[in-house]
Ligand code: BES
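Okay, here we've got a single chain as C-alpha cells, the form predicted alone, with questions on binding and movement later.
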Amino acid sequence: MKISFATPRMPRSGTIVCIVMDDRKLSPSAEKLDKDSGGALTRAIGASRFTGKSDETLQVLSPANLDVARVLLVGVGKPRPGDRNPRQNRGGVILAALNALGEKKAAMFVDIQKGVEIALAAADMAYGARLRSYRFDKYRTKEKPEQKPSLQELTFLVDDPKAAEKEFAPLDKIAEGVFFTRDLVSEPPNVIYPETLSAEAKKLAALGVQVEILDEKQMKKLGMNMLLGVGVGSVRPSRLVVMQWKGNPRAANKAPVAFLGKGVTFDTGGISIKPAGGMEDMKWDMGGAGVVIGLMKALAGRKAKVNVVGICGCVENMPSGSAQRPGDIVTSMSGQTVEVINTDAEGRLVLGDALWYCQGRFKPQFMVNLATLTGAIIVALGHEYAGFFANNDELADKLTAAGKAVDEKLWRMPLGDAYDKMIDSDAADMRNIAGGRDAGSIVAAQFLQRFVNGVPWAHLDIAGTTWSKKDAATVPKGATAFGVRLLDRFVTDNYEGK
C-alpha cells in the first residue's frame, strides 16, 4: 500500500475520508462536502447512530454532485492537540474500514489542527495506517479475493505536505523495525532457528549496524554453560548475536545503552516437556530477541543519535539423548553454579549468561532485557500490560513513561530478599526455579538479577503481549512487536543526542 501526502484537492474517484467531531460537528472539509452534496452527509448522520465519538465510522455512498464512490466519516470525539496515540489509532481504524469496504484508493482531509500540528497529525495517522497494514501471508497459496486487503493508495491532504512527509519519515523507519520483528516472530520454527535468526540480524549490517555472531566454541571458551546447556539437546547449534549501533560519535567515550533479548526459537520445554496442546505457539518464544533486532533496525534506519548495544541469546530447547536433565548443575559465565530443576525454565539461563557478558564487555549505562519468560505474568496481568522489574527507580519511571506515550503499557512488579531466597539451592549457588507455583514471574526476575552485577537493569516479561489473538487499532492479530515502539521512544526521550 502506498501512503502519500498532497495539498487539499477534491478527488475524482475512490473514497474521501473526513473528520467529524463530538456531537456531530463537521470538520471544514466535511462541511464543504455536505454543502456540495445538498446536505447528504447531514441527512446520513441524522438517520444513523453516528455521533462523532472517537473512531466511529459512517460511510455515505455516492453523494449527489460528487464524483467519488463514497465519503467515509470518521469520529474523533473531542480533539486533544498533542495527544498522538489517538491519532495513530485513528489511522489504523481508517485503514481497516477502507479495506472492509473493498476500496482501492482513498484520500483524507486533515483539517482540524492548526499550524505545524496539522503536519504531525497527518503523519501520525499515516503511521497508524502503516502499522495496521501489516500482514504475514507468505505461506498462503489459496486465498479468496475478499480476504486480501484491497486498499492500494492512501493520500493525506494537508496544507504543507512536505512538512508532513518530514514528520512521517522517521515514523516509517520505526514501522520497518516493527514489521521486521513481526516477520521474525511469525516465521515457523523450521525457518527461524538460531543460525537463521542470527543471519537475519546480520542483514542489519547494510544499515551500518556492527554485527558479531558468537558460535558455540566461542561461548564455551567464555564459560557460557547456562546458555549452551539449554541448546545441547538440539541439532541446531546455539548462537549469541551482538549488535552495535554507533549513532553518536561525539559520545564515543561514554557508556552505551544496552538491550538484550531471549531468543528461544522453539521451546518444547526440553526433558521437562510441555503439554502438546498449544505447543505450536512456542515458535514465538524468541519474541524478546525479535524485539531487540527490530529495535536496532528502527534506530539505525532513522539514524538515531545514540550508541546502542543489542544482544540476543539464540537457542532451541529440545528433548533428546543429549539434552540437559533436571538435576544437572552448570557453571555460568559469572562463575556462579546453577542447579537446573526444570528444563522448561530455560529463558533465564540464556539471559543470565547474556547479561553477564554484556555488563562485562560493554560497561553499559543500563541493561534492559525482554523475554517471553513466564506464563505466570499472563495469570497476573493478562494481555493488556507487560510486567516489568527493575533495580533502579529512575530507569523504571522512564520505561513506564515511554510505554504510556506509545500505548505499550508496563506494570512494575516487586523484587525483594524474601523472593530471592526462594531460589537458594542445597546443591549449588542457586536453582532455576523455586519449586512451587508461588510468585513465578518474580522468582524468574530474581534469578536474572543475580547476573546483573549492580548495573541499572530492567526486565520486561512480554509473554502476554508478544502475540495477539485479536485485531487492535494499529496491531493486526498475530505477532505484535510489543516493545519496539516503546524502547524507541524510551531512547528518543532520554538518551538520543546526549
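Computed from a prediction, not measured in an experiment: that's the story for all the values here. Position 1 is the first residue in the sequence shown; the rest follow in order.
What comes next is about the form predicted together with the ligand, which does not appear here.
The ligand in the predicted bound form is not approached by residue 222, whose heavy atoms all lie more than 4.5 angstroms from it.
Taking non-hydrogen atoms only, residue 274 approaches the ligand to within 4.5 angstroms in the predicted bound form. At the 4.5 Å threshold, heavy atoms of residue 348 reach the ligand in the predicted bound form. In the predicted bound form, the ligand stays beyond 4.5 Å of every heavy atom belonging to residue 85.
This chain is displayed without the ligand, yet in the predicted bound form the stretch 339-347 from 102-110, 415-423, 299-307, 339-347 comes within 4.5 Å of it by heavy atoms. Residue-level contacts in the predicted bound form: of 191, 401, 255, 378, one residue has a heavy atom within 4.5 Å of the ligand, and it is 378. Among the residues 433, 455, 473, 41, the one placing a heavy atom within 4.5 Å of the ligand in the predicted bound form is 433. Applying a 4.5 Å heavy atom cutoff to the ligand in the predicted bound form picks out 267, 274, 282, 284, 285 from 266-303, in order along the sequence.
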